[in-house]
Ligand SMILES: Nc1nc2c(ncn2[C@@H]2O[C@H](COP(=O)(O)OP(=O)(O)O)[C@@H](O)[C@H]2O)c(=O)[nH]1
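Taking the form predicted alone, here's one chain by itself in structure tokens.
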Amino acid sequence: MGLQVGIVGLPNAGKSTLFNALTRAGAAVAPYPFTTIEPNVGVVPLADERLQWLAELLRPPRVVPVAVEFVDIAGLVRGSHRGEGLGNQFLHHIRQVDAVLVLLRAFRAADVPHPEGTVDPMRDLAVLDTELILADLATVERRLERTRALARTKPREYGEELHFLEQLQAHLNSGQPARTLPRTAQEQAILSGLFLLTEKPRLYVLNLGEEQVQEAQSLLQPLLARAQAEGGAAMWICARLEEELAQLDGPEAQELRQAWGLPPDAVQQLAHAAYDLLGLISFFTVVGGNEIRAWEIRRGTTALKAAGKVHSDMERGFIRAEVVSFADLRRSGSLAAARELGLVRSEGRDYIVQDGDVIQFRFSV
């Protein structure tokens, strides 16, 4: 799986309800802390009208979209960094994902208790931040202890790492997440090896009650300001209504969306937001007449590495990439017409793949 997003929040924030809406997987939902101990995992295919157009053009028996894997991680509580509420298990699950979806409760429901006693999304975010920062601080301090010992005997080799770790420790101690600390490429390599919880990109999601939908944008503003300051993203959702709509198909669901004031496809918007958060783009391959497939890669990936995404043999024996942009292909109407018009280019291994490229890799075995 190319992209795994962990759904994180306090108990009873609606994580499993959102997970059900995303995946229609029927994860257990109950108004009790720690309903989810082992994380539920579900896959959401990413809707892409370009892939749909290619499928309608070529009519292959197999069409494979990019998919986002969502992991429903049990709720964190105060003291999770010390192991409270099975916190060690949950923090371990967060370390495994590529990005974090922070779900914050705004809905009010007397039959669903809040672990903090009252509903306050920004306070809940502060609780989550504190727990994750303290867990990261413990990780950094363990690494610091080891690096200090090494730096005493090999100061030239470990001096820069020691200096950066001390900066990182001070940054976390000030209550700031690791992702906001400026770093060089060398320092980024150190950070990547620490697998810090607060280094992961975040998508903030405000979970509203159905009576709050009309004021959604104003309720979202504090969270949106926080996300923009961090270079992240924020959106709102009504998870309970989305879970209900996930059970319906076609016009009935769209009519209810309009009646309730919900966006046309909140689940896909959320999945796309998570995809964009990691700087991912899609390219497409056509295998004979049998398969059209979308592949996810990070923006800035070369043709050589993109070939390796499809198959390691293609990367090892890479000769060239025959590329046509989706926009050019659509204007020309077919691959054959695109070739006749000279729109299919021959690119080398250092070509930077663009979002929407349709590529055939030529390689030797």
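Numbers follow the displayed sequence, beginning with 1. These numbers come from a predicted model, not from an experiment.
Here the subject shifts to the form predicted in complex with the ligand, a form of this protein not shown in this document.
The ligand: the contacting residue among A253, A225, A109, V119 in the predicted bound form [heavy atom, 4.5 Å] = Comparing distances to the ligand in the predicted bound form, the residue within 4.5 Å is A109.
message = Only one of L165, L128, L208, A135 gets a heavy atom within 4.5 Å of the ligand in the predicted bound form. Which one?
response = Answer to the contact question: L208.
query = Where, among 271 to 279, 200 to 208, 256 to 264, 94 to 102, do residues come within 4.5 Å of the ligand in the predicted bound form by heavy atom distance?
reply = Of the stretches listed, the one contacting the partner is 200 to 208.
ask   = Is the gap between R240 and the ligand in the predicted bound form 4.5 Å or less for some heavy atom pair?
value = Result yes; R240 sits at the interface with the ligand in the predicted bound form.
query = Hey, in the predicted bound form, is G356 touching the ligand, heavy atoms inside 4.5 Å?
reply = Contact check for G356: no, nothing within 4.5 Å of the ligand in the predicted bound form.
request  = Determine whether any heavy atom of A21 comes within 4.5 Å of a heavy atom of the ligand in the predicted bound form, and answer yes or no.
outcome  = Because no heavy atom of A21 falls inside 4.5 Å of the ligand in the predicted bound form, the answer is no.
task = Could you list which residues of 324 to 354 come within 4.5 Å of the ligand in the predicted bound form, counting heavy atoms only?
result = Read in sequence order, no residue approaches the ligand (within 4.5 Å, in the predicted bound form).
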